[in-house]
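Single chain ahead, written as structure tokens, the form predicted alone.
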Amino acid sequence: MNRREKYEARQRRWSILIAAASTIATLAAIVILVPMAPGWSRVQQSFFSGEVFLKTLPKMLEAFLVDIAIFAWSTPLIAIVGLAAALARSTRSPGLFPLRVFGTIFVDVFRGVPVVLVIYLIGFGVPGLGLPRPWNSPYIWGTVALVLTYSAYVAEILRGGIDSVHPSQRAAGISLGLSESDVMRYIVLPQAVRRVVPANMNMLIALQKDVALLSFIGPVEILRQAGVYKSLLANFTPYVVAAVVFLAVTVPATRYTDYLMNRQNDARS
């Protein structure tokens, strides 16, 4: 080991020690100082009741299955609509210019309106037309609201990936006799999709959390179930249960996203 490697190893060890010491000090301060607050006993009873936690957890997990189901059927729809919007925005054919304009308007509108407002407008507006069952279901129109909103974000991410492919790649494909559509399908898209995987993973994490917003229009998923238990038990611990369940899913997904991003950065360097 040369002098530089020894120095870098020493610096890493020193950094780890500082990080560990600061983390321990912070946790100790929280553990010691928070219980000293005058209202801690009331907060502990209202938000961190072990009895309520264990009592509500099974039903909360059951309600979370609804979140997972909505997430599962929304994700492929978002991928399809987002890809279509990205291709519409990326088209260079003069004859398809109206499609490009429509794609731009779609992205601007649904990126500009908060997702909760889209859920309200579609979730309450469309069933208000008096549609017969099952077409007035909040599950259907809540899903539509999520798909439209997240497709706009995914479309922009994919368009960024498409634009990041060097023009020489297109030129090489055309010189080989490929059509514009074949160049996009076989050359540009495979590279673009690989480049935007980490960003789209972040969108999936956000989608998993925003599924809970559908509780505002009717579906009894984990957030709505937490509200039911809060009213029945006069205790806020069910909301903490919901937070813990979400964290159990999103934290591993976030760490995996970080891993993908680091691997991508290492590949570029």
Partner chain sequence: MMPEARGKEAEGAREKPKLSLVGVTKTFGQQAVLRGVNLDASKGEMVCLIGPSGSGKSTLLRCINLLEPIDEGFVYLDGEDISEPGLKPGPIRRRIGIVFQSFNLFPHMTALANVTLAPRRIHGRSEREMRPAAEALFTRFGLGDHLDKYPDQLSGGQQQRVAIIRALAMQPEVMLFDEITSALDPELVGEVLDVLRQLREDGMTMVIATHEMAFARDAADRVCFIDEGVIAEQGPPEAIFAAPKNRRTQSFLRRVLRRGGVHEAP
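Residue numbers count along the first chain shown, from 1. Values in this document were obtained by computation on a predicted structure and should not be read as measured data.
Absent from the display: the form predicted in complex with the partner chain. The rest refers to it.
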The partner chain isn't shown here, but in the predicted complex, which of 101 to 109, 150 to 158, 164 to 172, 77 to 85 has heavy atoms within 4.5 Å of it? 164 to 172
Against the partner chain in the predicted complex, would Val196 count as a contact residue? Criterion: heavy atoms within 4.5 Å. no
Does any part of Ile187 reach within 4.5 Å of the partner chain in the predicted complex? Heavy atoms only, please. yes
Is there a heavy atom of Ala72 lying 4.5 Å or less from a heavy atom of the partner chain in the predicted complex? no
Might Gly177 be said to contact the partner chain in the predicted complex, defining contact as any heavy atom within 4.5 Å? yes
